[in-house]
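Only one chain is included here, represented as structure tokens and corresponding to the form predicted alone.
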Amino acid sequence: MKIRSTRRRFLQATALAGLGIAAGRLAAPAIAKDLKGSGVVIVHDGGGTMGVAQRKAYSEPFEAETGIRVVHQAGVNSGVQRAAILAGAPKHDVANISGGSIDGFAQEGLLLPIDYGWWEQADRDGYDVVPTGRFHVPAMLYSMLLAYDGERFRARPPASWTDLWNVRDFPGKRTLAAGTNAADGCTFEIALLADGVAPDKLYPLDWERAFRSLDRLRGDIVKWWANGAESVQLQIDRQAALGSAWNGRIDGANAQGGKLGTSWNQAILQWAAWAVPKGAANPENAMKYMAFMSRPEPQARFSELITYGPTNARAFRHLSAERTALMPTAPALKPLQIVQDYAFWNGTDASGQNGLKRAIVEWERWVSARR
């Protein structure tokens, strides 16, 4: 599934912004499904800026409206989530799973079908960039960027993944996602782009070439980061001078006083999804929580707190033109980026494995061979 151009919704957003509609003055929907209930719902917490945005935009107003208590549980990677579901003890009632992994979870029968009876039809129709699915709801749009020490490289900032490999002109330790993050971390795409592979020739990934590229940088990696919070913290702490990080994490760090620079050149555009794992302890409350998150008003609040694009196009009616321009799908930014190919990551190759499993196998082999 690929992300489509959204020029129409952007124009709608800017026109409405001119009328003074802003996220700070959001009104409750005139008509909304009754989501009241009791008990709890355990939801994925993205940590850092994302976790704060989730609580303020979704969880706190959901609790106030429904009476259902929201318990935030730290997020886990896809491998841990899959193992927990298979063991009959999923980590969350509402899981956050990358677009690159979600089809695999569905194919393995690890997810419950979404109950859209709790939704307003207009909201479901608003998912015009990445449509809703039987087993998942698109959660956010975001991009993996080159981030760097904005003060250290003020005179000559790095501008591409190739510069990340250029330790002579841009000295300092590096950080990239661990390869076990597979599609989520974009490390394999980054390694190939840095090695000169053209964006339109990126898929299917050349594993051998990617690891040869990583071999050249291995000695300059201070740490392979495990999650989004760590990716920026390593740079804020100046353990790493350059690395990969998601745009919302970078903006959140800079809002707290960080001075990270970024390059959108060859950034990798991704999306993640909400899903309810098979065996979830509170499935009905999970469905209600996801229905609440589908509404344009809380989605706009979320995008005001972190620069991850909303998935319901109706949310743009509540965002200013200035804020809309910061989203990864903004017209000025989208042409600079590469849309991650989830068909490749979920497809089976000659080895009999899909890209997600192949990445982990190849990564573990590479790490073990060089200990």
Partner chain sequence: MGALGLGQALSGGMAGRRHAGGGVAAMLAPALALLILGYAAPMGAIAWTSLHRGGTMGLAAYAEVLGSPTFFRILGGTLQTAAVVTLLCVVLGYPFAYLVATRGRRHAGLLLALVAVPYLTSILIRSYAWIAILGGNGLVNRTLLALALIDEPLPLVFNAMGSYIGMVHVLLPMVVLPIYAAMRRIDPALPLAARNLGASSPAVFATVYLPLSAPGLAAGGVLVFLSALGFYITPALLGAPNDYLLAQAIEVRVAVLAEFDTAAAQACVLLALVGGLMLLFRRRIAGLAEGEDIVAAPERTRAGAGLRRRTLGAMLQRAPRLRALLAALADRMGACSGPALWTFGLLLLAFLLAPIVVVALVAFSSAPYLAFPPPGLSLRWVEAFLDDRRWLEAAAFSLAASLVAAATAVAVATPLAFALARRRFRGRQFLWLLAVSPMIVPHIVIGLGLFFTFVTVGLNGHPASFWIAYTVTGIPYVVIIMLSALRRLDVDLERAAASLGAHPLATLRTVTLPLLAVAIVSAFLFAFLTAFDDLVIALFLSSPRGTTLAMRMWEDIRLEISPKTAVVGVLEIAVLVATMLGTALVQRLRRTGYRAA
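Residue numbers count along the first chain shown, from 1. Since this is a predicted model, take the numbers as computed values, not measurements.
What follows is about the form predicted together with its partner chain, which we do not show.
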Among the candidates Asn265, Thr262, Asn227, Asn282, the residue which, in the predicted complex, approaches its partner chain to within 4.5 Å (heavy atoms): Asn227
Leu202, heavy atom within 4.5 angstroms of its partner chain in the predicted complex: no
Contact test in the predicted complex: Pro61 vs its partner chain, heavy atoms, 4.5 Å: no
Contact of Ala53 with its partner chain in the predicted complex (heavy atom, 4.5 Å): no
4.5 Å heavy atom contact, Gly150 and its partner chain in the predicted complex: no
Site check Lys33, Val137 and Glu304: each within 4.5 Å of its partner chain in the predicted complex by heavy atom: no
Which of 120-128, 157-165, 81-89, 286-294 sits within 4.5 Å of its partner chain in the predicted complex, heavy atom basis: 81-89
Sequence-ordered list of residues in 216-239 near its partner chain in the predicted complex, where near means a heavy atom within 4.5 Å: Arg218, Ile221, Val222, Lys223, Trp224, Asn227, Gly228, Ala229, Glu230, Gln233, Leu234, Ile236, Asp237, Arg238, Gln239
